[in-house]
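The form predicted alone is given below as one chain in structure tokens.
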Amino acid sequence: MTNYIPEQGRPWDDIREEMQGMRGRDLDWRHGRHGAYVWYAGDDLEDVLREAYGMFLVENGLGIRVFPSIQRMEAEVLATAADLLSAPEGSAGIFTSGGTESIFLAIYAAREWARATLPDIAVPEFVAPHSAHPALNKAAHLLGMTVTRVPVGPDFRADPAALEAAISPSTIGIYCSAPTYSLGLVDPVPAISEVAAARGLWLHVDACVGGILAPSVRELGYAVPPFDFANAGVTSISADLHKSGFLAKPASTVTFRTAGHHAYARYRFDDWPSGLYQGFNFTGSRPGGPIAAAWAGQQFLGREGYRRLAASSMRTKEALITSLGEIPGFRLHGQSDLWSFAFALDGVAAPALAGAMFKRGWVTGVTTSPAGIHVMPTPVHEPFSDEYVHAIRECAAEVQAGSAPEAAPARYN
């Protein structure tokens, strides 16, 4: 094996130069050539996030008793998330490393809740629409649970009747999205909430993509469907800070309706030489940097800043859909509620189109059900929306003519 650590240390100037060189073939996210991975709101915010992150680079979020600064910032960020999600008094949340951990902790808490309240269920089950994020199945796999997925309705949203029909004696919870990752559609949470409440089931809403910015979109006058704790049957909601919160990675939240629900996410163990070990996160040690950056970024942006980001994102979506609609055969997959959407071009295979775009430097995601192209507009995309549409038009023509270069489509989730 090769050991890449040099015998003698190297000057930082040399190391920095080499690292900058490594970026030569990286994704060009500053010029909107991406459909995921990066949520960028400008150099001014990036500078704040970088400096705040660096200030608390060494502090460990595991030890909030000895780092009251981290404790305060984490508490205020979680309180902000709870407020944005209309959480009632007595709610509680967890600052996590991302949507996958947030979803995992919600499903874990649901399992522990079921063990305490539904002890006859041997293998707990969640019922979900086909559009649910794979993190649900990942969590269930790791937790010894099962997931039953049911078809979505004709509008590509979760079908409350189909979800209810799929409930079995082993079902402990229902899962829905706000919005779905692939198509940007908010599931009918009010109707699903009624089903969950009537059946006494845990309801988790995956708002990882939209939960933080959606309230600002609504404040701008857009009709964002109700998806949060205003629905009495909602038990937990995951919402990423490093997505529509535009904050530094890794940072997400999961909020529980009550402190009692939150308590089921705690892990305890004391049969070892150091006594009681307990915590709410999947990880033990936690970097203080993301917590500090999240707090500083929210303070820097303020509500007005989030409304500005929401307005730009929605303008970009509307401009893209209008311009793409001028391409023959354009079809929008459902009526997206926030900024993300998916589309298809009749007679143009989505993987081939994505491959042709990739050859031109555009990282374009594909959807498979229905087949199409995934678009996640953010403010960084607004100046380049015309270039994107022009590239789509030319690549579609190449695919139809059979002259598109062979290339594997870029994939992301």
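From 1 onward, residues are counted along the sequence shown. It should be emphasised that the depicted structure is a prediction, and the values quoted were computed from it without experimental measurement.
The form predicted in complex with a small molecule is left out here; the points below concern that form.
Looking at residue 261, you'd find every heavy atom of it more than 4.5 angstroms from the small molecule in the predicted bound form. Shown alone here, residue 216 lies farther than 4.5 Å from the small molecule in the predicted bound form, counting heavy atoms only. Within 4.5 Å of any heavy atom of the small molecule in the predicted bound form lies no heavy atom of residue 93. For the chain shown alone, residue 103 is a contact residue for the small molecule in the predicted bound form, at least one non-hydrogen atom being within 4.5 angstroms. Exactly one listed residue, out of 247, 128, 183, 209, brings a non-hydrogen atom to within 4.5 Å of the small molecule in the predicted bound form: 209. Among 98, 289, 124, 334, the residue placing a heavy atom within 4.5 Å of the small molecule in the predicted bound form is 98. Only one of 239-247, 194-202, 318-326, 224-232 lies within 4.5 Å of the small molecule in the predicted bound form by heavy atoms, and it is 239-247.
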